[in-house]
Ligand SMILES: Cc1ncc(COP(=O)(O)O)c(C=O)c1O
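Quick setup: one chain, the form predicted on its own, written in structure tokens, and binding and motion questions come after.
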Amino acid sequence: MLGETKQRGSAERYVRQTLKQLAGYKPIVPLEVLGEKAGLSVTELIKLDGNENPYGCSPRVQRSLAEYPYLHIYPDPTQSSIRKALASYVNVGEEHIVGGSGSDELIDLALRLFIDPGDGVINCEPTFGMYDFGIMLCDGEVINVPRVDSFAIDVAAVEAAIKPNAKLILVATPNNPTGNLTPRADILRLLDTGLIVLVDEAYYEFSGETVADLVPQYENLIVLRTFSKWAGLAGLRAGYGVFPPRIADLIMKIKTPYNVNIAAQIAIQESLKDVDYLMGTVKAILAERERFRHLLKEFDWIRTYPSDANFLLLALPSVEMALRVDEGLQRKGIFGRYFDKPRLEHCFRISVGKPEHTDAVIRALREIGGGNLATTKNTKYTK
């Protein structure tokens, strides 16, 4: 009897075959794990791998969360307060807004809304890894259209790649991990294809460029944003989307009832009451980004790509040197992000921190470049 139960109890044979073969998304590592890896306390770490705001959230958020007395009550499933506040911030009607547990959840919901097994989604790589992951969860077909050498989207190639099964085009602007914007004119051209164009504006507050104002005019445009980067709410998972009203209604229908928890709802409202403070930290990060870029010119073996976000993508002379930089910084308790992906194998992404973080990175790079391994400070970058 026990043997029969054991045999019948094997659930793996019922798992979808595509999910068995799926490589999971590689997320960033928590502080405690990084500290253990480096042999340092959390307070000694310089975490520049997640594009988070090093200045943290608004003080209003901290106070309001500490004082809120109803954590035992479910949050508002209709998101009425945050939808109203976000609509005012974006300058669109409330009927366009849906909140999410970070913009990651809204990427997932949008893909699930549109993609049947076998449907095509155009993805312009290299870009945010959650896109491929989400498409494959839906058993969709990834139609990869490589970006040009500057990492700009090849709009003509996207148009040529449209197949009968294609439904959706994904555009991150500024792009992650390369940092470059997609011009408004290119997005308008993509909209003219008639496919749904999902524009991920996770770094909007750093770039100042948006197409959210076009959503009321285009029934095939979706814009997603997050509070993780500019507002320092990465740990609370607070994001939102700007949708055509009918699509917003459907997203509200298929989301889980309480997808934006009460802490995130409070934090969104308080952040939007303190935009001046938060934009002050954004300005500090942008100023530090330019100082960081200037200091990196000291190293003729590093090429820095232009960025309109709160991070820089560094190109190194070889894969070996990229790994050496990653490992060398980690030994100093400094964590950026290396991507083991096509066209990024020799690159290293690093978030912009506070001035003292930049100074620590520069000191560490001097030691790494001056070491005894094959590539030294005098090895110039070659494409």
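What you see is a predicted model; the values in this text were computed from it and never measured. From 1 onward, residues are counted along the sequence shown.
Just so it is clear, the following notes concern the form predicted together with this ligand, a form of the same protein that is not shown.
In the predicted complex, this ligand lies farther than 4.5 Å from every heavy atom of Gly120. In the predicted complex, at least one heavy atom of Phe128 sits within 4.5 Å of a heavy atom of this ligand. In the predicted complex, this ligand sits beyond 4.5 Å of every heavy atom of Trp230.
Residue contact check for Asn176: one or more of its heavy atoms lie within 4.5 Å of this ligand in the predicted complex. Considering this ligand in the predicted complex, the lone stretch of 241 to 249, 262 to 270, 97 to 105, 209 to 217 in range is 97 to 105 [heavy atom distance within 4.5 Å]. Distance criterion of 4.5 Å from any heavy atom to this ligand in the predicted complex singles out Ala202 from the list Leu221, Leu190, Leu111, Ala202. Interface residue among Thr182, Thr226, Gln79, Ser307, judged by heavy atoms within 4.5 Å of this ligand in the predicted complex: Thr226.
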